[in-house]
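The chain below stands alone and is given as structure tokens, in the form predicted on its own.
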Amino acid sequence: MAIEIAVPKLGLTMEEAVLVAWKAAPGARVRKEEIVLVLETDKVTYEMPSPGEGLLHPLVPAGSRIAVGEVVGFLAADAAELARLALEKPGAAVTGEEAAAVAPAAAAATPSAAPPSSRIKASPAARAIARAHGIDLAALTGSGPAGRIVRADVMRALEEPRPAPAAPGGSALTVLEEIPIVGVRRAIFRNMHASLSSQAQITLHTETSAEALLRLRRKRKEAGAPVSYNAFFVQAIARALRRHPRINASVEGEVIRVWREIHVGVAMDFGNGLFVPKVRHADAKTLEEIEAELQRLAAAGRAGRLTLDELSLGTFTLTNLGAWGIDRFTPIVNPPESAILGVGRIEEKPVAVAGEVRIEARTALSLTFDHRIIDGAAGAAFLQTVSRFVEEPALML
């Protein structure tokens, strides 16, 4: 019996993907776990392994936008079954709906004087994405070998602002540019809307001394083992979640699920959108291990090589805007998580202690959480624990 090749759900919020390329020709024998196709979601490119062994019969052409669970091809057991599939389920033909979505955009984007796309040097992935989004390959400059257009060139074109037509005469407003909501920006667009529309979010703010944190970082730097502020806050969050496990939760339907694992995501901006890679089992890691993991994730993010596993299934998020000079802010929960901690810059301030005024380094902490499932007192207790860890790091040992 033929084996179905269906689009897997690669993340809790994933609904669709683009089939970028098939990695084997129709009729070719594909072994189990061999890469059979490439999918692109709003956040990652995923090389999908074959669910079994057989002769490939693709149903959907490269460049098509497909839904989670959709069957895009089959693996036939033998030549006879492959022939039967070819008759019963014609392969790799654009359906009417797909043609209506892709063809007009492609035709409008390609001037009649442009050279045929088949003569343009471009990778299969670049052609597929360009075809799906109506991008004219002739208008792009390739960064690959010998000027070949590669996937990164097409993705840059998608993210670039597109000039908009001027407003009609007499209008009070004219459009400077139109920025398409695609790629990573589309994922952020959806997630932030889902966050605020599906949760009852409340933010608690506090301020705490950062003197001990500064001393700790200075000693580690002098010892040749420097750590970032983010590594320290990830550890503080993870240890606090151990003491307040119900903060480490999500809502699924009519059930609150409290997670055993503690996977802390850290918001990072690599210049092309916000990503939140996860530090897995952060509560079981030392400060040095957390720092090494953050360094590895940041390097992967800058190279565009973060995997789906590194970006999904977090239980809590840290966002730190201190490097941008922000004192305090209201972070937005990263669904399906239920809480997020925002950290502001460290700033010297006058503080009254025991009747005397002294200058002290302080930082603001802001906890946003879903008030439907986390009570104000529980959120305040968690924030107080994190604050104590910042003031006295030895408490985490």
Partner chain sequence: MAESYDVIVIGAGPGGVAAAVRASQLGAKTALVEAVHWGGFCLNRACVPTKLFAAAVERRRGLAAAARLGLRDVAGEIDPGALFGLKDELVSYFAMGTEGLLKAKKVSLLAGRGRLAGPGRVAVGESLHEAKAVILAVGAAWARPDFPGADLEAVVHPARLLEEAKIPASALLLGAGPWALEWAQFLSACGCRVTVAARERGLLPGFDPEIGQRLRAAWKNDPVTFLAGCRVIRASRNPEGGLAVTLSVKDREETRAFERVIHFERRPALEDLGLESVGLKDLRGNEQLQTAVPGIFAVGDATGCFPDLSHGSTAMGILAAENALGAARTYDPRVVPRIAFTSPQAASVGLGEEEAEEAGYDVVTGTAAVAATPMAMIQGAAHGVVKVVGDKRYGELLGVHALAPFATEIIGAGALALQMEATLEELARAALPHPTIAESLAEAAREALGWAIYLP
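What we label the rigid core is the largest C-alpha set whose atoms superpose within 1.5 Å from one form to the other. Residue numbers count along the first chain shown, from 1. Because the structure is a prediction, the values reported are computed rather than measured.
We do not show the form predicted together with the partner chain, though everything after this point is about it.
- Only one segment in the set 186 to 194, 274 to 282, 258 to 266, 144 to 152 has any non-hydrogen atom within 4.5 angstroms of the partner chain in the predicted bound form, and it is 144 to 152.
- Residue R217 is the only one of K121, R217, H244, H205 with a heavy atom lying within 4.5 Å of the partner chain in the predicted bound form.
- Contact annotation: of the candidates K89, K221, R296, R305, the single residue with a non-hydrogen atom within 4.5 angstroms of the partner chain in the predicted bound form is K221.
- The shortest heavy atom separation between A128 and the partner chain in the predicted bound form is within 4.5 Å.
- Residues of 378 to 392 are not found to place any heavy atom within 4.5 Å of the partner chain in the predicted bound form.
- After superposition on the rigid core, displacement of the C-alpha of L213 between the shown form and the other one stays below 2 Å.
- Once the rigid core is used as the reference frame, the Cα position of V234 differs between the shown form and the other one by less than 2 Å.
- Taking 2 Å as the criterion, A152 counts as shifted between the shown form and the other one: its C-alpha moves by at least this amount when the rigid core is aligned.
- In the predicted bound form, the separation between the C-alpha atoms of P145 and G301 grows by 3 Å or more relative to the displayed form.
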